[in-house]
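Only one chain comes next, encoded as structure tokens, the form predicted on its own.
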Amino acid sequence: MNLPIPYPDPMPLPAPVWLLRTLLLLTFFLHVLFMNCLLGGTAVALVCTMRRKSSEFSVRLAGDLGRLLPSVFAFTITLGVAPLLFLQVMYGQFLYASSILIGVPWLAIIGMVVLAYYGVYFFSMKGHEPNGKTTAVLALVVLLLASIAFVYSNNFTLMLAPERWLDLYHSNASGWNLNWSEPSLLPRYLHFVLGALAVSGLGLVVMGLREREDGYRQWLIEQGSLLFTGTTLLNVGVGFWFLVKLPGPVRLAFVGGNGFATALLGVGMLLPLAAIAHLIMAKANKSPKRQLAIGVSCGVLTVAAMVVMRDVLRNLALAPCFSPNRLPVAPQWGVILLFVLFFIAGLATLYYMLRKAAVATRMRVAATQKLQ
């Protein structure tokens, strides 16, 4: 079958494929952590503003999230640049083709991001006094972020299905397409959204571990553990749905046809269960800090396993027609070294900013409590 796949860029890759893939996975992992905290955190903030009359802690959490979410949004966007560039370097002819086919929704992401950014800053200024207006703005932000995630899911599934490109182009050549005919689109999208809610639950646990006031700390840990456990158990079912809807050869690779893919699937299923077990054990432990830390670590490792699994799925789906290993390579070690140095410096700056933000938040909360 002749597929309408453009020729790859004639310029050789600037680094070996293994190094580009490693950098792609590392940068995407960092991006996903903040992206999940952003989507899940805004959803949690929305629920808190809706419960403002029945829960004092909900109002307090809304204020805390209002101070955090603008920075999380900025980190999400900044950390998303590098993985997108690495993806374009190795799979450019697929990503560009699918992006053109859904061009209108894809370009609309820019406007949606800007509006969501404004909404998060509005909530940041008004989060300490939640009312109907902040609830409406947060609902719009959640809707915008969920829509952005849906467009991304469409693009990243369509780039793996070049056999659909001509039909989509003939049906609408103006870029108003979405990948509705993809069986795995909906479960893949729901898998991501539920994962974001689960990661935000872990974020609440981390906030609780850093909180000094006993009542609020216990409430944060309980709510975060409950959110992570509930969404993760629901996501197990969605994950099986996602697996069943994958193309036959890809699905078979994950259930025994490929040792590495099968092992990844097993790890991706066991790690969240281990996280749930440790969060439950922490509830019955007089000194729960260690169990909670292990539970959070297992949850973060689950995200890492899912990032690698996503890469394996992409390579398996494209294997019949393409592999980055076939592309010519002409290493530019100077450029790669410069990127690594700036990347490390950027991570150090990110860590420094997070530490400063955490200290400032604690001082602000302490000052507020003294005034009360």
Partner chain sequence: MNYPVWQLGFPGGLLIAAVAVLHVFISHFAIGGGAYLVLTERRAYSHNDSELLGYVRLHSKFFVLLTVVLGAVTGVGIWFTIGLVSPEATSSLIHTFVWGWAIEWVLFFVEIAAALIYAYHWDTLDRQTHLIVGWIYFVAAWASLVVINGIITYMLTPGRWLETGNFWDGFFNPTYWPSLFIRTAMAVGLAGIFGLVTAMWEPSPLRERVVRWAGWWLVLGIASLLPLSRWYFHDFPSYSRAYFSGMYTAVHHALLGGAVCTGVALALALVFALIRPKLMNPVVVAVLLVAGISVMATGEYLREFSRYPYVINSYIYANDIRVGQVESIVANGVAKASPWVEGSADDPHAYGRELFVIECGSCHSVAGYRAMRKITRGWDAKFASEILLHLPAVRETMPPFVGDEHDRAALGRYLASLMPATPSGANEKELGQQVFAIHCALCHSVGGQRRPLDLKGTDPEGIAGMLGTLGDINPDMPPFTGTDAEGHALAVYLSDPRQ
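Whichever C-alpha set is largest while still superposing within 1.5 Å between the two forms counts as the rigid core. All values derive from a computational prediction rather than experimental measurement. Positions refer to the first chain, counted from 1.
Beyond the structure shown, there is the form predicted together with the partner chain, which is absent from this document and is the topic of what follows.
Checklist entry - Can you say which of 276 to 284, 231 to 239, 70 to 78, 254 to 262 gets within 4.5 Å of the partner chain in the predicted complex, counting heavy atoms only? => result Among the listed stretches, the partner-contacting one is 70 to 78.
Checklist entry - Any of the heavy atoms of Phe57 lying within 4.5 Å of the partner chain in the predicted complex? => result Residue-level check for Phe57: no, no contact with the partner chain.
Checklist entry - Hey, in the predicted complex, does Trp18 get a heavy atom within 4.5 angstroms of the partner chain? => result It does not: once the partner chain is placed as it appears in the predicted complex, Trp18 has no heavy atom within 4.5 Å of it.
Checklist entry - Could you tell me if Leu350 has a non-hydrogen atom within 4.5 Å of the partner chain in the predicted complex? => result Contact with the partner chain, yes.
Checklist entry - Taking the shortest heavy atom distance, is Ala319 within 4.5 Å of the partner chain in the predicted complex? => result Heavy-atom contact with the partner chain at 4.5 Å: absent for Ala319.
Next on the checklist: Quick check on this chain: which one of Gln218, Ser99, Gln291, Thr135 has a heavy atom within 4.5 Å of the partner chain in the predicted complex?
Outcome noted: Exactly one residue meets the criterion: Ser99.
Checklist entry - Out of Val244, Leu270, Leu226, Leu166, which one falls within 4.5 Å of the partner chain in the predicted complex, going by heavy atoms? => result Selected option: Leu166.
Checklist entry - If we check the partner chain in the predicted complex, which of the residues in 163 to 182 reach within 4.5 angstroms of it by a non-hydrogen atom? => result The stretch 163 to 182, when checked against the partner chain in the predicted complex, contributes Trp165, Leu166, Tyr169, His170, Ala173, Ser174, Gly175 at the 4.5 Å heavy-atom cut-off.
Checklist entry - Superposing on the rigid core, does the Cα of Val17 end up 2 Å or more away between the shown form and the other one? => result Shift of 2 Å or more: no.
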